[in-house]
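The chain below stands alone and is given as structure tokens, in the form predicted on its own.
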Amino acid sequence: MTSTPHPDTVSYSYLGPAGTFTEAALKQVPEAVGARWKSVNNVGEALDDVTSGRSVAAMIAIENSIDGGVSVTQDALTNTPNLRILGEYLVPVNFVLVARPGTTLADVTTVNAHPVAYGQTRRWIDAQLPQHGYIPATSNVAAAASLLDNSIADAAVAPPGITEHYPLEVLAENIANNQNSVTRFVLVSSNTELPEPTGADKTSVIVELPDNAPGRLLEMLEQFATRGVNMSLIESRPIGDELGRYRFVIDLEGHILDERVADALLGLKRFSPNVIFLGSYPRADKLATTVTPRYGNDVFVEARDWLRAITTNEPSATREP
């Protein structure tokens, strides 16, 4: 029997330092309570912790409601084998402008910010600080921390609550361009055990087209359409071997143990030279998947039984109409 690791020996990696949106996502994971949290600098380091066994799982950002998919994460998942998504977590995203104590908004001439945060607050910054200079940071928290480390910046864009970790003053709140922005995070592990279907699940895959022949994308999409499987995300990423070749990051509504999803993935595997299964996991919003009756599990089971009866000359387990 395999013993359960003591929480003190279990690590979860996340993009740090403390105070990031990624940390806020990890706080939503019950299994992580009481475990050791390991702050890392980038997605590659987080996934390397998982594959090397230094951490049991890593929390990484995969999609934002404003900017779409996080390409760094999508590419890292493509190039790191044997990973599975265990769950997804949603974090509302807003920002504050912070500065060293005694600084006023009129004093600010240079702003430090992560490029994504800067883009999502640019409207407010341009309106309030039209002559400002910009210094990119490696993370939202790093931008704030740099103000206490001889930074030439006068202020930083940071997550709300940053003053709980650093002795800074908030110059402005709610400075995001879109007040409804949400970032979707996923918890990634090397544990390949499938969770049971909940009725409100997602399945994530990465798929390559076989070639650039006309209609190939339509052929791929038909694998889902003809089985009644809805896609909640589809984004293209360059494969990199030659110009014009792409792979697709796809989120499906449903679980691989749902008959319609399993049948679609079988069709996808026959079609594509490379399919990466990233996992089936509960949806963060817990919205149940709506299934058209003709694509229900029983319909697929009956169809297989009908074919079996024909090929084996044995009675069908289901009655003929």
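The first residue of the shown sequence is 1; numbering continues from there. Bear in mind the structure is a predicted one, so any value in this text is a computation, not a measurement.
Unshown form predicted together with a further copy of the same chain; subsequent notes refer to it.
Chemist: Counting any heavy atom within 4.5 Å as contact, can you tell me which stretch out of 95 to 103, 143 to 151, 182 to 190, 167 to 175 lines a further copy of the same chain in the predicted bound form?
Modeler: Careful reading of the contacts points to 182 to 190.
Chemist: Quick check on this chain: which one of Gln128, Thr109, Thr226, Thr198 has a heavy atom within 4.5 Å of a further copy of the same chain in the predicted bound form?
Modeler: The residue from Gln128, Thr109, Thr226, Thr198 that makes the contact is Thr226.
Chemist: Since only the chain is shown here, I'm wondering whether Ala35 would be in contact with a further copy of the same chain in the predicted bound form (any heavy atom pair within 4.5 Å).
Modeler: Contact check for Ala35: no, nothing within 4.5 Å of a further copy of the same chain in the predicted bound form.
Chemist: Would you check, heavy atoms only and a 4.5 Å threshold, whether Gly240 touches a further copy of the same chain in the predicted bound form?
Modeler: It does: once a further copy of the same chain is placed as it appears in the predicted bound form, Gly240 has a heavy atom within 4.5 Å of it.
Chemist: Look up in the predicted bound form whether Thr73 has a non-hydrogen atom within 4.5 angstroms of a further copy of the same chain, and give yes or no.
Modeler: Heavy-atom contact with a further copy of the same chain at 4.5 Å: absent for Thr73.
Chemist: Within a 4.5 Å heavy atom cut-off, is Pro136 in contact with a further copy of the same chain in the predicted bound form?
Modeler: The answer is yes: Pro136 has a heavy atom within 4.5 Å of a further copy of the same chain.
Chemist: Suppose contact means any heavy atom within 4.5 Å; which members of 204 to 231 contact a further copy of the same chain in the predicted bound form?
Modeler: Contacts from 204 to 231: Asn212, Pro214, Gly215, Arg216, Leu217, Leu218, Glu219, Leu221, Glu222, Gln223, Ala225, Thr226, Arg227, Asn230, Met231.
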